[in-house]
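The C-alpha cells that follow cover one protein chain in two forms, given apart as structure 1 and structure 2.
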Structure 1
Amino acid sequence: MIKGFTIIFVLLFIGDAISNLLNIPIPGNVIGMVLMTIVLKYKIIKLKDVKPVSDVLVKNLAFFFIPPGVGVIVYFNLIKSEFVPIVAAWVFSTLLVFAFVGKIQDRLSKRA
C-alpha cells in the first residue's frame, strides 16, 4: 500500500511541477494521469504495485466530490437570483454533450 501511494503522490507532484513550470492551464493531476498510463505501458512500474491503491481511489472517486458539492450552499442567493439561466444552461448543455459525444462516437466506433 505504501508503494502504491508513493507512486501516486510522486506522479502527482511531477504533474503539478510540469503544470507550474510550463504555466499551462492543465492541472497536475490530469498530467499525472497521463504519466501513470505511460509508466505502466513502458513497464517503469509494475501494475501489481499500484493497483491495490488505485482500485480504492477509483472506486471511491465520487465520494471526494461531496465537500465541493456542499459548497453550493454559499451561493444559494446568487443562484436564486439567476435561477432560470443557471438551471437551463446546466441541464440543456449537459444533455447536448451526451447527445453529441454519444452519437458521434457511436457512428465512428462502428465504422472502425
Structure 2
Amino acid sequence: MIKGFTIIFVLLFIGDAISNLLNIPIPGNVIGMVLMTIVLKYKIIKLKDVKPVSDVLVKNLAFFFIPPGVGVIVYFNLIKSEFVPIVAAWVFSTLLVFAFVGKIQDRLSKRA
C-alpha cells in the first residue's frame, strides 16, 4: 500500500509542479492523472503496484465529496443569486460534452 500511495502522490506532485512551472490553466491533479495513464500504458509502473490503493480510494470516493459539499453550503447565497447562469452553463456544457463524445464514438466505430 505504501508503494502505491507513493506512486500516486509522486505523480500528483509532478503534475502540480508542471502546472505551476509552465503556468498553464490545467490543474496539477489532471496532469498527474494523465501521467498515471501514460506510465501505466507503457508499463513503466505495473498496475499491480497501484491497484490496491486505487481500489480503496474508489471504494471510499463518497467520503471525498463531503468537503466540497460543505463548501457549496457556504456559498449558497451566491449560488442562489446566480442560479440561472449556473444552470445554463451546466446544461450547455453537458450538451456540448454529449455531442463531442458522440462524434468521437462515431469516428471510432467507423474505423472498426
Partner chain sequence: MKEIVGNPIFSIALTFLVYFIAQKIYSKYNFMLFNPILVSIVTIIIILKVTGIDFHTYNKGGRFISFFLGPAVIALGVPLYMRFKEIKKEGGLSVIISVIIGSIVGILSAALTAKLLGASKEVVASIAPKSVTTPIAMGITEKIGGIPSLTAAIVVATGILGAVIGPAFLKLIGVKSKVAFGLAMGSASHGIGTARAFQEGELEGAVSSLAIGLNGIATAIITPIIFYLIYKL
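Along the sequence of structure 1, residues get numbers from 1 upward. Definition used throughout: the rigid core is the maximal C-alpha set that superposes within 1.5 Å between two forms. Note that the coordinates shown come from a computational prediction; the quantities given were computed from them, not determined experimentally.
Of the two forms shown, structure 1 is the one predicted in complex with the partner chain.
Fitting the two forms on the rigid core leaves the C-alpha of T94 displaced by at least 2 angstroms between structures 1 and 2. With the core held fixed, I104 shows a CA shift of 2 Å or greater between structures 1 and 2.
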